[in-house]
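There is one chain below, alone, in structure tokens, taken in the form predicted on its own.
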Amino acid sequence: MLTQTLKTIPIEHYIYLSSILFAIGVLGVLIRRNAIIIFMSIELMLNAVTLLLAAFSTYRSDAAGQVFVFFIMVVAAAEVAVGLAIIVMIFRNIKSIDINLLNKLKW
């Protein structure tokens, strides 16, 4: 039932939505200076890619794309855990999460 619903929506709509989400993520990484916002933008880019993989795997009736989406989600969860640990350690050292202040960590 769900695959029939997904196939009624044209694939171009998924491509447009995924492209917009990915572009917003790229802009967030390039423009913002807050480390948490940058990590959220990276997660948004990963979600855009997983949306596109799931849409293509549904349209091709191939489960390989959906399995790949699962592995992307596992890597994203690990990235969040490591990234937040790094942010906490940076905050403990310099009392800010602004990435412009990270030059204090240089030798």
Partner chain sequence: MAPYFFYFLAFLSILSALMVVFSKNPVYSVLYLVITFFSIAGQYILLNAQFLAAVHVIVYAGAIMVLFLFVVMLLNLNKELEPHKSSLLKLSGVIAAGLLLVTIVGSYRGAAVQVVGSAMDTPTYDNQIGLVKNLGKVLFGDFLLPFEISSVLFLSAMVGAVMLGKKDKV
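Residue numbers count along the first chain shown, from 1. The shown structure was predicted, so the numbers you read here are calculated from the model rather than taken from an experiment.
Keep in mind the form predicted in complex with its partner chain is missing from the figure; the text below concerns it.
Enquirer: Can L17 be called a contact residue for its partner chain in the predicted bound form at 4.5 Å between heavy atoms?
Expert: Yes, L17 lies within 4.5 Å of its partner chain in the predicted bound form.
Enquirer: Classify I11 as contacting or not contacting its partner chain in the predicted bound form by the rule of any non-hydrogen atom within 4.5 angstroms, answering yes or no.
Expert: Yes.
Enquirer: Spell out, yes or no, whether the shortest heavy atom distance between I94 and its partner chain in the predicted bound form is within 4.5 Å.
Expert: Residue-level check for I94: no, no contact with its partner chain.
Enquirer: Of 12-37, which residues get within 4.5 Å of its partner chain in the predicted bound form if you count heavy atoms?
Expert: In sequence order, E12, H13, Y14, I15, Y16, L17, S19, I20, L21, F22, A23, I24, V26, L27, G28, L30, I31, R32, R33, N34, I36, I37 come within 4.5 Å of the partner.
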